[in-house]
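One chain follows as structure tokens, the form predicted alone.
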């Protein structure tokens, strides 16, 4: 199995104009614990005055969210981290995680896609994952044709999408074939243009393996932010209350320690 780089450096800056009192939840901090350690800093300001960010657990599979109550003004959220990763075995698939990763979800309606999946995919879990990944890679054209309402079935019909759509389609088809699958939001060194990235995690031989049908960045260099059923669980920013705001800037940076690794799509890779 491919070994991971020891870590890297990540950062993001999110700027908004807020016109009325607003509650946000941000998921931009690296998932730490176990083999992953981060020297990190999160700052939130409104009109250059420091504002509070309340840290709360993510609702799925670890990770952290930050709840921000913003008053009107220029809101800036800035996160930086230096990440170190120790050697560790792949994450085992727990019974609760397996059950959750087999259920349909908002953007991965695997129940609606079961007939299509049954006709196209079969064999061992590893063979299903391989064939689904190859199908999605060959079927989709990378293009910004989707919006916040697009689910995996829409993407299958459209034949195009961005990383979120690739991950949703892989996840939905793998689930529909009886293999547990979920998504992970990651920082992805080597991605161009740089952005937050979404990939699939699939359960093969009792452990979680990462799948990225876009092939846009080496999987071994990716650093986990959040994990969930689909993008609804792992969005970098979610508006809870209020609603009069405009994003004016987003910058994301992810750099691996040392050279970027190669990435053989057929070789199993796991996120720590």
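Numbering follows the first chain given and starts at 1. Every value quoted in this text rests on a predicted model; they were computed, and no experiment measured them.
What comes next is about the form predicted in complex with a further copy of the same chain, which is not displayed.
- Here the chain stands alone, but in the predicted complex its contact with a further copy of the same chain, taken as any heavy atom within 4.5 Å, falls in 113-121 among 113-121, 84-92, 71-79, 186-194.
- Between a further copy of the same chain and the residues 57, 34, 206, 215, the one pair within 4.5 Å by heavy atoms in the predicted complex involves 57.
- Using a 4.5 Å cutoff between non-hydrogen atoms, residue 146 does not count as a contact of a further copy of the same chain in the predicted complex.
- Although the partner is absent from this view, residue 156 contacts a further copy of the same chain in the predicted complex, with a non-hydrogen atom inside 4.5 angstroms.
- Interface membership of residue 139, defined by any non-hydrogen atom within 4.5 Å of a further copy of the same chain in the predicted complex, is confirmed.
- When contacts are judged by a 4.5 Å heavy atom cut-off, residue 45 does not count as touching a further copy of the same chain in the predicted complex.
- Along 91-107, these residues reach a heavy atom to within 4.5 Å of a further copy of the same chain in the predicted complex: 95, 96, 98, 99, 100, 102, 103, 104, 105, 106, 107.
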